[in-house]
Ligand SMILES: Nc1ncnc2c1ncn2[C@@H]1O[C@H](COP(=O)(O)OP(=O)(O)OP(=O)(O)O)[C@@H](O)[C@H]1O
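Next up: just one chain, as structure tokens, the form predicted alone.
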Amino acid sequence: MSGYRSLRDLGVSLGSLTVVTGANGSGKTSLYRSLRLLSEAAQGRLVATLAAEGGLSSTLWAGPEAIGRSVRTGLHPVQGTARKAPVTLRMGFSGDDYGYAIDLGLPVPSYPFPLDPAIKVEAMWTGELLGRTNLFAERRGPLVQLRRARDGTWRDVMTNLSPFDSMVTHCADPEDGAELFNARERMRNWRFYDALRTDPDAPARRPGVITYTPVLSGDGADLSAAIATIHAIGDAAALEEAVDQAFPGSRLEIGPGDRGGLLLHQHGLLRPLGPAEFSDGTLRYLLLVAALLSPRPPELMVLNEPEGSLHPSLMRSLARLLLAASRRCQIIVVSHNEALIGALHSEGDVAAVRLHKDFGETVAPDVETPRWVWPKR
């Protein structure tokens, strides 16, 4: 990530389960948001989301273009200088199979929506590192080119793509754009959980229709249906174990009928409890269980501070859930809860990214920076 909020220039390697941690204000939320923005590109919402955050003027790195050695040693104060490079906000990722990068900048002066950043360059390639030989889709301004499947030459698929539309959503050509289409669908399948409410008016506390729901929604409104689906076609044994580990002697049940709600039987009670009666911690834990035991695991799942409302005694159970889920999909956990972080490290192999602030810039000094090449404008 480069140029987004406190992420002046940050690259990190991620494992099958990665914990991103750091003090308040160290940039954890900025890193989480940047990952979500990459997913928004595949949904066609990237520019609108950035505009809702205040546009480039609010989301760009607010410090100097470069921080010299004399500034870092205190010889000179932090101060603005004449900009040498164009205004840019760049995001990207890569894995063993494919990578994607996007570069956004200022719109032309005559553009009627000044808060909207303009997409300048996009690139998608096979493998980890961008190169000319493994590039298969490229966008420069309004021009999008795809590499032909039959002979490897390039052809223009669009010459007038608007600055607020991504090639990922508009140029999955059926003839030569199969790789672009597949990458788009994989990015759309990424899941983000940061709005699992547990307050008295939380969506998960309301009655809902019990229908096939292999993926818990972002707000958890379909919790009962998601639990019922795990019971029917998912790992019901793992569900029972997760509940019993956290609440010994307890079990879940789905009430009768298509609107039967989620019921929790607890040892010593004469009747089961419904979601409206759950404590905040109980509801939060069951929401996380439904997300992590999804019968349709995504390629990437990102959880922002999942430990909210949970008692420290539940951290080990949550850690075991996260580790088990990371064997089916890649998971990133953003947290500063030492009890959860300690439980994760004691239960299994976890990659750690500890963020710090240095002259207002988010850095990860203990993590090796991966090799990376940005596409040039």
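Only a predicted model underlies this, so the values are computations on that prediction, with no experimental measurement involved. One rule holds for the numbers: they count along the sequence shown, beginning at 1.
The next section is about a form of this same protein that is not shown, the form predicted together with the ligand.
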(message) Is Ala343 part of the interface with the ligand in the model of the complex - any heavy atom within 4.5 Å?
(response) no
Just checking whether Arg36 would be counted as a contact of the ligand in the model of the complex - the rule being heavy atoms within 4.5 angstroms. no
Report whether the minimum heavy atom distance between Ala52 and the ligand in the model of the complex is within 4.5 Å.
no
ask   = Might Met315 be said to contact the ligand in the model of the complex, defining contact as any heavy atom within 4.5 Å?
value = no
Assert contact residue (the ligand, in the model of the complex, non-hydrogen atom within 4.5 Å, options Leu321, Leu60, Ala41, Ile332) equals Leu60
Within 4.5 Å of the ligand in the model of the complex by heavy atoms, the stretch out of 324-332, 306-314, 41-49, 28-36 is 28-36
- Query: Would Val108, Lys120 and Arg377 all count as contacting the ligand in the model of the complex, using a 4.5 Å heavy atom cut-off?
  - Reply: no
Residues in 1-15 that come within 4.5 Å of the ligand in the model of the complex by at least one heavy atom, in order, are Arg5, Ser6
